[in-house]
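So this one's two forms of a single chain, laid out as structure tokens and tagged structure 1 and structure 2.
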Structure 1
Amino acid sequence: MAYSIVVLVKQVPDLNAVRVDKASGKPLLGDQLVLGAADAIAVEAALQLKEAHGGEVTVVSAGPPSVKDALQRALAMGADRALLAPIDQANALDTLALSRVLAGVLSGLTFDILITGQNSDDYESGQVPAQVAELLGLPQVSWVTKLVAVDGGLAIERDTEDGKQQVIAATPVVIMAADGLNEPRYPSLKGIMAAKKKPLETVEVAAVSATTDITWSDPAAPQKPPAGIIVQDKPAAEAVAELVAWLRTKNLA
């Protein structure tokens, strides 16, 4: 059976480049914007299903025009088409308002499987997939680490505190891709060239506004100083000598 698959992705700051400003405690995000790590896993999962069973993969993202880069990346990996839901600042909306925007876009599409990353690298709340699923009246399966198409649906393993829970899900269904589901491919040169010719459309979205009574402060480092000894800006030999001395006073080495 060929699958029509939609993947929700988010463009995020490169987490490796994030630093915290000492004086203000505010995060410095760097200029690099990337496709979210879990979202790349979601795209890869969609591509693997398509390669095994046929079908079509559409990637959808909400955000400012820069989000096209993240969508291009997914197209270069092998997705067939991309839809951009234009909103100025995805992070300025609460997750339910954003989910309403995305559910509006998705209700205009027909699909068997909606795959998302388990959570974004920046705000990490992991709320949008479940909220979109609820708004669309679809079942959800979270923390997915194995996904195989079988007769009558998808055979899935999901992470729990007790081990891997195994479930069979009928389609249509929302799948949240977790670390460990796969290793996302790097786009090939050919893929990058091909992506330029693939359709990337901007869709219309209804006026967006916060829909629940929620606000949040600008992220900042906790005021609490580190509890222990931190050795910084010292040559390795010196830093290690201090550590070894400390370990010895504690009878740990």
Structure 2
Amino acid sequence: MAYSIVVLVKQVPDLNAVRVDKASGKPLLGDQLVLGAADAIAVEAALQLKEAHGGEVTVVSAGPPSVKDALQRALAMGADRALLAPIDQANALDTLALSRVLAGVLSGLTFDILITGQNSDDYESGQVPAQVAELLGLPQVSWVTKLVAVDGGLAIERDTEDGKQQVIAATPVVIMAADGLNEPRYPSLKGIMAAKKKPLETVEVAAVSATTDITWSDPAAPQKPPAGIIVQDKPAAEAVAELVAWLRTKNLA
């Protein structure tokens, strides 16, 4: 059975270029933007299903024009076409408002499987896939670590708090890909060249503005308490005595 598969992807800051401001604990994001790691896993899952059973893979994202770079990456991996829902400040929306935009785009598509990453690299809320599934009236399976097509649907293995769970899901269904599902491929030179000729369409979306139905704080690194003491600018004998006294309070001497 050939599958029509849609993959939701997000463009995020490159985590390898993120630094932390020591004074505030706030992340200092670099200018480099990339396809999210979990979304690359989702794209790979779609491509493997397509290669095994035939079909078509469409990638969909919402954001500013720069998101085309992330969509081009997915096309270079092997996706067939891409759709961009233009939103200037996607992260300024709460997740439900963003989900409504994406659901509006997806409602105009016919597909058997919708695959997303479990979490985005930046805010890691994990809310958008479940909200989109609810808005579209589709079942969803989260934390998927194994995905195989079988007669009547998909055989799925998912992580739970106390082990693994086996699920058989009929299509259409929303799949949330977790780490360990696969190892995303790197685009080949041939794939990169072919991506330039694949359709990448900007779709119209209804006007949307920032809302506060769901809010979250800005990410920040927690303050770490000192791991020990520093003894300096003291005579050696006094420094040794102070250090030994501290070790005894920790039952280390």
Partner chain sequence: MSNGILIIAESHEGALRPASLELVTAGLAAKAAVGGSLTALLPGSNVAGPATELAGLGVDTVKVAEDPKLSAFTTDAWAAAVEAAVKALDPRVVIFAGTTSGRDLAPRLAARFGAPSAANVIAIGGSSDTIVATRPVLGGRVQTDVSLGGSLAFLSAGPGAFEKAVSTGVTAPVEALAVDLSGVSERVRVTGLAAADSGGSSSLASAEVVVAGGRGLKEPANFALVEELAGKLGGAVAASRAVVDAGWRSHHEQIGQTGKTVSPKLYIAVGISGAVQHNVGMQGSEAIVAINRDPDAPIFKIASFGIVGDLFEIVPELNRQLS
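Here, rigid core means the biggest group of C-alpha atoms that superpose within 1.5 Å across both forms. Owing to the predicted nature of the structure, the values given are computational and were not obtained by experimental measurement. The first residue in the sequence of structure 1 is number 1, and each one after it adds one.
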Quick one: identify the form predicted on its own, either 1 or 2.
2
Would you say whether Asp14 is displaced between structures 1 and 2, judging by a C-alpha shift of 2 Å or more on the superposed rigid core?
no
If the rigid core is lined up, how many Å does the C-alpha atom of Glu238 shift between structures 1 and 2?
21.8
Core superposition result - C-alpha of Ala23, shift between structures 1 and 2, Å
3.8
